[in-house]
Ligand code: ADP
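Only one chain comes next, encoded as structure tokens, the form predicted on its own.
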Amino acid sequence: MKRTRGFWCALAFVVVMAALPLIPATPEFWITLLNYIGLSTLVVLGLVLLTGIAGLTSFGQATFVGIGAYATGYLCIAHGFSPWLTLPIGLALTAALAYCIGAITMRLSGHYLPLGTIAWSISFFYLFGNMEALGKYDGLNGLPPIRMLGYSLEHGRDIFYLIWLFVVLAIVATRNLLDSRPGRAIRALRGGVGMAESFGVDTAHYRIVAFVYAALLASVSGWLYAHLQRSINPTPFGLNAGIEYLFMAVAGGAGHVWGAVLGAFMVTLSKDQLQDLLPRLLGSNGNFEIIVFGVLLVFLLQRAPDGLWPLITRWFGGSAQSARALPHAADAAALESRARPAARQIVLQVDRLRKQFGGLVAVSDVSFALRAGEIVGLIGPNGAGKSTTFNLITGVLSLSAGAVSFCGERIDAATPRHIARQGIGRTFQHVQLLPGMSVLENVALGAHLRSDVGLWRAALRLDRKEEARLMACAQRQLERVGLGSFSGELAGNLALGQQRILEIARALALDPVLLLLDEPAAGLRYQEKLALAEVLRQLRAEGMSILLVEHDMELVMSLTDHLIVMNFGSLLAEGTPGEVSANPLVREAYLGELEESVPDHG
């Protein structure tokens, strides 16, 4: 098997790290620094997932380091527990607290989210310092060392391998998680929440999942720290430490797993050198390194906003944003398919749909039906209410009055997630893809509801069979729309026309009964429109029901079986393309546009 350059670099790193403690000439101070780098890496890995990938900024991760440290410290000293027994107890306590905090904090957005994390970080710092059982600000002393296979890990060289074993396991688990069903959902949290909800992703749930996962990694770091130091106090678990962890993530590359390692190395080593150098240069003692770090952060954000890891990979001829080659078994079992309605059965029924924004009536008493196996066009001049009607059907907007039924079931009060679960797939007026993910992964996100793999099965790589089925499904949808050869390409590298067809493939991965297309031809060149039309004809031949909102009249008239025409929020006309094009009211509404652009269907 061909090994990549990244694999050999990672292997070389592991070999060097494993050899250092075995060399007698290696200074003890180096081992101590590497231990602290490993502890920081665990915390920063959580921030890579939470902040860099999910886009949820947290200044409070040092709090969870403290929870892990104080949990083991208290149980070992007050109750004589073994350190190994305190680890699962501390993780359980961390998970419970993180879930409760996350359920509140992760609802915030914008600048309120980081402010919220600052608030509970300060609160826990003062809690640690004022609890009698935790030794107040003096902390806890005399923690026992960790014992492993009969050996006491009381010295830096002894515990070194345990710390870095946890780091390696955390790196592998995080990479596994990102290359999985829950990982794709977490990656969609950054800039794709509305899109993800439309494919059944419970984004509120995955925000908390990412938060708890990051907290657990921080808790493991705290457990190791407590037994490395053999004493704990609140100082390392305050807001300053939380800011430092976030700085490590940003400096290394917050969106990259290996950026966590790089950031921890860079900041820890720089901090150590600056603490020694600056007092000698300035002639006085103080935390001057904080000022230098502030200046460096501003410079870094200007010159390398994505961190140093992408720069390093480019220097070595690689790309930090290259698409991962995700294997999929061509013979993987097909995912279960939903039942299809009988031919000509009413799939979508819109009854007296109405939407008011204050005194403005955007949609007024619109009614129509769509039957199985047909393409229905929803057209009208700009401002006619087409997009509003589309958003009412898909659950993005709530109705003021009326009803929407899908296969006989009311869905007008349903969320986009529930609507997707019922079997309605959609595209968007403005392309909504995850550009840093591969074409194949973008399509696999559309099949999110067709699997139930959770966080821990993904992190432990126990999901390979289900993942192969999802990827095989995604590949089949790409081949179905003519993009099979682009599966390994980054979605952001495709042309606009290909991206719009990719959105259709993603919607098809849901295995929908009804496909809703919102202006799929917008911005496309002539040849791209022809390719799109061919795809839609093929889908209709396969029995797909399609509601098409479109401005391109030539495309609409050549494709649709039935047309709904809106004007000023009301239903103006409906019928076959020929009947609609001959309707004088429609001609008047379009101010002659149809006469000029639509071929004669009479």
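Since this is a predicted model, take the numbers as computed values, not measurements. From 1 onward, residues are counted along the sequence shown.
This next part talks about the form predicted together with adenosine-5'-diphosphate, which is not shown.
Contact with adenosine-5'-diphosphate, judged by heavy atoms within 4.5 Å in the predicted complex, is confined among 289-297, 353-361, 418-426, 169-177 to 353-361. Using a 4.5 angstroms limit between non-hydrogen atoms, residue 227 is distant from adenosine-5'-diphosphate in the predicted complex. Residue contact check for residue 386: one or more of its heavy atoms lie within 4.5 Å of adenosine-5'-diphosphate in the predicted complex.
Residue 382 belongs to the set of residues with a heavy atom inside 4.5 Å of adenosine-5'-diphosphate in the predicted complex.
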